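Okay, here we've got a single chain as structure tokens, the form predicted on its own, with questions on binding and movement later.
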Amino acid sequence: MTKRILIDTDPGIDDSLAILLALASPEVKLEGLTVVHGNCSAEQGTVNALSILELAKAEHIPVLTGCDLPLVQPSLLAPETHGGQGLGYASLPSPRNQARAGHAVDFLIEQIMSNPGEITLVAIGPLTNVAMALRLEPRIVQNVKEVVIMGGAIRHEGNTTPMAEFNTFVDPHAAHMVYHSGMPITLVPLDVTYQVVLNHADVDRLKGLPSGIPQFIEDATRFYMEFHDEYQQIDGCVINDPLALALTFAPELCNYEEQYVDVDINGGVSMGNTFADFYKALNQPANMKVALGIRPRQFLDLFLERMEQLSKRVGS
């Protein structure tokens, strides 16, 4: 049965790859993209989302702009990681379409409440939009099918501070609200995503295929690879967000543990740190399922196969 999904995103290089993976996967039906600040501004992310959909000939999918600032923290964008426009060295034509009128938060609420138990929310940016939706309509907790979140670093070092992953650090107060909301959450932290490294040979596999998708992937990830090489000594680039998307239809790619997970919002060096109570010291019930084991090559082969199929479909 096809799974209906919404993606809340800050496109972003790996966000863009996640959108393409959703479009390439018959197991899911993408109902819309809601855009949040993060890798770039919400305004720029909206342009990127529209352009990516047009690249894949999926202009019919609605895009709505959401929150452009965190709940409490000052804004933090990531041009050093994703480039000035958010898509690395890729240059897509200006989109012909415009974002749908209205606010992304209202759209999230409307879609979840009008389709109880049917919508899977894939949140691959800072959680500001999701937290605001919870505040405006708490009943989405009972009506969303599941929420898959790319965020946090449990036993892994942070990628933004020594202790914090980017999405969580950018809006830790939003993450704190979402983690404790009672929604059925699957968390996909750096513990698994940093084992998924797309390398030059993987990208070369796509060369020569029809459509502009392979060239987009090459141009976008080349910037991303340069960042990973310079700052993290990684040969290739980590594609966090496509893994979170893939787990909506291929959960067997990971192993999971039910854990009580929280995020530090007290400030200081540990701000945004996401931690799990493995030894039950806090005596709290589990509030989410956490991916802590991964079959990285199986996922990468799946991703590349889907990009090949999408390129051929769009090119034809």
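Keep in mind it's a predicted model, so treat the numbers as computed, not measured. Numbering starts at 1 and runs along the sequence shown.
We do not show the form predicted in complex with a small molecule, though everything after this point is about it.
Participant: With the partner left out here, if you bring back the small molecule in the predicted complex, are D14, N167 and L190 all within 4.5 Å of it by some heavy atom?
Facilitator: Yes: D14, N167 and L190 each sit within 4.5 Å of the small molecule in the predicted complex.
Participant: Can you pick the stretch from 236-244, 134-142, 98-106, 214-222 whose heavy atoms fall within 4.5 Å of the small molecule in the predicted complex?
Facilitator: Careful reading of the contacts points to 236-244.
Participant: What is the one choice in S181, T120, T186, N159 with a heavy atom within 4.5 Å of the small molecule in the predicted complex?
Facilitator: Contact residue from the list: N159.
Participant: Could you spot which one of I124, I112, A174, A90 gets a heavy atom to within 4.5 Å of the small molecule in the predicted complex?
Facilitator: Residue within 4.5 Å of the partner: I124.
Participant: Would V130 count as touching the small molecule in the predicted complex under a 4.5 Å heavy atom rule?
Facilitator: No, V130 sits far enough from the small molecule in the predicted complex that none of its heavy atoms falls within 4.5 Å.
Participant: Is N39 close enough to touch the small molecule in the predicted complex, meaning at least one heavy atom pair within 4.5 Å?
Facilitator: N39: yes, in contact with the small molecule in the predicted complex.
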